[in-house]
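In the block that follows, a single chain appears as structure tokens, in the form predicted alone.
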């Protein structure tokens, strides 16, 4: 095939490196993943994005999963126009803010109160402060490989590392993910392997009077897609209750993506605190902390402080409301059907090309793992058995063949309402050609 020109992206990246750190605003968008230069996008519509050179791609990133309705969905466009005509931000409460809070309490099991923020990181920071305030304890249980934002206390063992550096499952080595971290921050997290209730109970037993909360992703989403073992999340919730610690479900990635009530509804969970981001704001910076009144009312004045000038911006709430109204049961049924078609097609292509790998999927989220045909069930599996370099070569090839996806094996692909069977055919045709390339390299 003729490789599409990305010369304009290259020139823009040269300009960007002169004025922006590494030429980007987040490392995952730069050379770390994209090699010589990233692709600069200028427009999205439906299931497609277009770059500055005019190349058109089927989009499997959907703004890191924020756009379950696809690009330029009519309901979202109408809400944006209506909000822009009225104002973007007021120093006041607005009616759409109340509407969105009511929608969340209606859809998510056990939620009675909501407090809005701007990003998933802000939401998880506030959730941890709330848990500490309510319990009077400072330490918390975090699982290996789970990412809860770039807050100091969470930046331990959150990205892939050589398997030999991880230590034993019974006593994981806590690996800091950044310079500039306070030593005490790394001492607050009690690190535990995921998908293992025995190890979790061991940690709770050893640290019974120290643990303010357990925080978990319901689906491990910063290591591709790793689903919970049957009964695992329910067991985790039961152990939190048994050992008198709070259960925080971080739905920054999964919220309003896996069902109308997120993973909490899909897995029949009633956490003490939930956090939402990405899919709530349909591309705008909207996040939320939610839960029963007994926990969320800890944010009352004189209790746990939570501020924010941009919290519940008028324009953000208008879009979030339109987004939740549009995310009906029919949308999730459609997304699941299309995602299953992509999953089945990729599995068949792996067999046809005699490539060792597997596809893992939960709802709209799916990922190919190269290097193993066995299930990837936790961080240690990912670090030890996944061929990340092969995945990067595959993703680069997919982009050249007209499918935009992350070249990081740690992230995952997303199916939206805008994707149809015609897009499945394009994705599988690109994957057929790309697998032929990487299998022969």
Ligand SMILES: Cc1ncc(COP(=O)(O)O)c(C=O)c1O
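Positions refer to the first chain, counted from 1. None of these values were measured; they are calculated from a predicted model.
Below, we refer to the form predicted together with the ligand, which is not included among the displayed structures.
For the residues 223, 280, 253, 290, the 4.5 Å heavy atom test against the ligand in the predicted bound form is passed only by 253. Checked against the ligand in the predicted bound form, the residues 311, 196, 237, 121 give one hit for a heavy atom within 4.5 Å, which is 121. Contact annotation: the ligand lies within 4.5 Å of heavy atoms from the stretch 245-253 in the predicted bound form, the single such stretch among 245-253, 302-310, 350-358, 263-271. In the predicted bound form, at least one heavy atom of residue 149 sits within 4.5 Å of a heavy atom of the ligand. Interface residue remark: residue 73 is not counted as part of the site for the ligand in the predicted bound form, having no heavy atom within 4.5 Å. Contact check for residue 153: every heavy atom lies farther than 4.5 Å from the ligand in the predicted bound form. In the predicted bound form, no heavy atom of residue 144 sits within 4.5 Å of the ligand.
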